[in-house]
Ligand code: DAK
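In the form predicted alone, a lone chain appears below as structure tokens.
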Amino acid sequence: MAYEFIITEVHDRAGLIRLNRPQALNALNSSLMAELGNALLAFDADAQIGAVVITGSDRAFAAGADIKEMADASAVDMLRSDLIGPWDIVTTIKKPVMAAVSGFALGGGCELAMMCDMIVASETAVFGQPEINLGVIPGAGGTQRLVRAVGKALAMEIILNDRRLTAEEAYRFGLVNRVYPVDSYLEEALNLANSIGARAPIALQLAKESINKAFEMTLTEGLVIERRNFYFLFASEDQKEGMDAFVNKRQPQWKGK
């Protein structure tokens, strides 16, 4: 499928989606987000893809949502168009989704990265939620996901006073998984995606679901989901294959069944 604002590639078991509005530092407009959603759904349905990486350019992952698209909108306009609603597709993808971030990840760009399951950053990455400078607040999950990632006190400073986090700070505070030089961060992200994507597909899906439930439920409720998923996997061929391979000291051959 041909896209205008993104570029898709396949790297072994990893599907790669490049945000491609360089003249606007990959500002996230409705058209780009619609294309991103379609590409994610296509990779999610492709049995040859085990994990997905979303990236931008070395200069900017995404500098934010497209302000020009909403500057003149009324509250009713925003409500009727549900401008942010299509972004939720990112969080519905069953396969692991990773953000490979270099340069600016601000506003909507930071929120998009946080929607992903993991973040690999370059040393030049900068994370922030500067919406307060525009007289608004984050609207695509920033006030919720940032608190869960870095804690209430730091999230308050980032959102209320436009504090920016360097890649090293983001790593130290638990927002990102790994930090690499600019010339290798994307390759390392793809290596990680391929390593994860080569594992048992159904187990990956249910593990991701179980982890995400930890942010939505009490411990007791989350344990119920985890145990249900654990038991359910014993109905899969991959469980039989994985345990037989372990007992017989060989590499498993996953079927995703």
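Small disclaimer: the values here were computed from a predicted structure and weren't measured. Counting begins at 1, following the sequence as shown.
Not on display, but discussed next: the form predicted together with the named molecule.
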Is this site open or blocked for the named molecule? Place it by superposing the surrounding C-alphas onto its pose in the predicted bound form, then apply the 2.4 Å backbone/C-beta contact test with a threshold of 3 atoms. blocked
Just give me the single entry in 39, 204, 32, 63 that has a non-hydrogen atom within 4.5 angstroms of the named molecule in the predicted bound form. 63
Answer key, the named molecule contact in the predicted bound form at 4.5 Å (heavy atoms) among 167, 97, 106, 158: the residue is 106
Can you confirm whether 59, 87 and 131, the three residues that make up this candidate site, all sit within 4.5 Å of the named molecule in the predicted bound form, judged by heavy atoms? yes
Segment assignment from 168-176, 68-76, 117-125, 181-189: heavy atom within 4.5 Å of the named molecule in the predicted bound form: 68-76
My question is simply whether residue 83 lines the interface with the named molecule in the predicted bound form - judged by any non-hydrogen atom within 4.5 Å. yes
Mark residue 233 yes when one of its heavy atoms lies within 4.5 Å of a heavy atom of the named molecule in the predicted bound form, and no otherwise. no
Can any non-hydrogen atom of residue 23 be found within 4.5 angstroms of the named molecule in the predicted bound form? yes
Can you work out whether residue 146 and the named molecule are in contact in the predicted bound form, taking contact to mean some heavy atom pair no more than 4.5 Å apart? no
Looking at the named molecule in the predicted bound form, which residues in 135-172 have at least one heavy atom within 4.5 Å of it? 139, 140, 164
